[in-house]
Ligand code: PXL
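One chain is shown next in structure tokens, namely the form predicted alone.
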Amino acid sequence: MQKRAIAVHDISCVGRCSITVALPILSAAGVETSIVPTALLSTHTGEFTGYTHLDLSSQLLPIAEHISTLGRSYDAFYSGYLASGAQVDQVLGMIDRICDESTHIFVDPAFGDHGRMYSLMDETMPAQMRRLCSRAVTIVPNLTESCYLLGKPYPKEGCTPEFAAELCRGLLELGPENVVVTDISFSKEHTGLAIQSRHMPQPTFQFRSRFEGVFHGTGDVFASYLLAGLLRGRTIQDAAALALELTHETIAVTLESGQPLRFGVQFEKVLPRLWQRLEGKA
């Protein structure tokens, strides 16, 4: 039977991120994907100014109420960028209304990067996002978000295996079964992941060569590839390896194109590769 997911993210009209990334990637993986927008922006908030921002909090529960009458179940509930910390209450209410015990709650706590929170985030976001992470099966924070979630200082001089392991342990204590921390690096040449599940005594690490530059939307790209792998039956380790490989390839083809990076990475060119890998043809 075809898998079904619901993606709860913002819509940025210009700039590949959030729903405009999650929907095509999950669809290309053969997952029927419904969407619920948390906010409407003219562009994403990185390297653009003058953008518009419409908070859609008032619509989330009415949408969920209507969806709950349709008799549909979801294999995954995928949350990403939220318009505010207060919006977590609406998202938790959505989970209560449209998810059941079999739904994989997948949380990308998208509220910061590079050691700071995004420009539109309020100071309540880390505490509120901890509440959402406690309901999750899998969470995918980056290094910055992991530090905020646990109240730890961001390691400006670089991460260590010991600090990464400490983050994973702390994040598991919030409640999820699986933790994948992105933007982990023990050298300037490589970047990658720390992965730990409840049954694992220590995290494992996966790395790829680092590309120079700021690549907007890659967190959403990675998380969407990861969820696609999980929904298609991959283990957390295998799904993370697939997502890291495809994200690395996505950045490479974007750099080859010479297009402005602020518009996001060209994941569209890698979607055939995603399908081939999931079908065991590559």
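Just count from 1 along the sequence shown to find any residue number. Predicted model only: the values in this text are computed from it and were never measured.
A second form of this protein, the form predicted together with the ligand, is not displayed here; the remarks below concern that form.
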* **Segment assignment from 248-256, 54-62, 41-49, 229-237: heavy atom within 4.5 Å of the ligand in the model of the complex** => 41-49
* Asked: Does the ligand come within 4.5 Å of any heavy atom of Y148 in the model of the complex?
  -> no
* **Non-hydrogen atom contact Y81 with the ligand in the model of the complex at 4.5 angstroms** => yes
* Do F207 and the ligand share at least one heavy atom pair within 4.5 Å in the model of the complex? -> no
* Asked: So in the model of the complex, does Y154 come within 4.5 Å of the ligand, heavy atom to heavy atom?
  -> no
* Does any residue in 95-123 get within 4.5 Å of the ligand in the model of the complex, counting heavy atoms only, and if so which ones? -> Y118
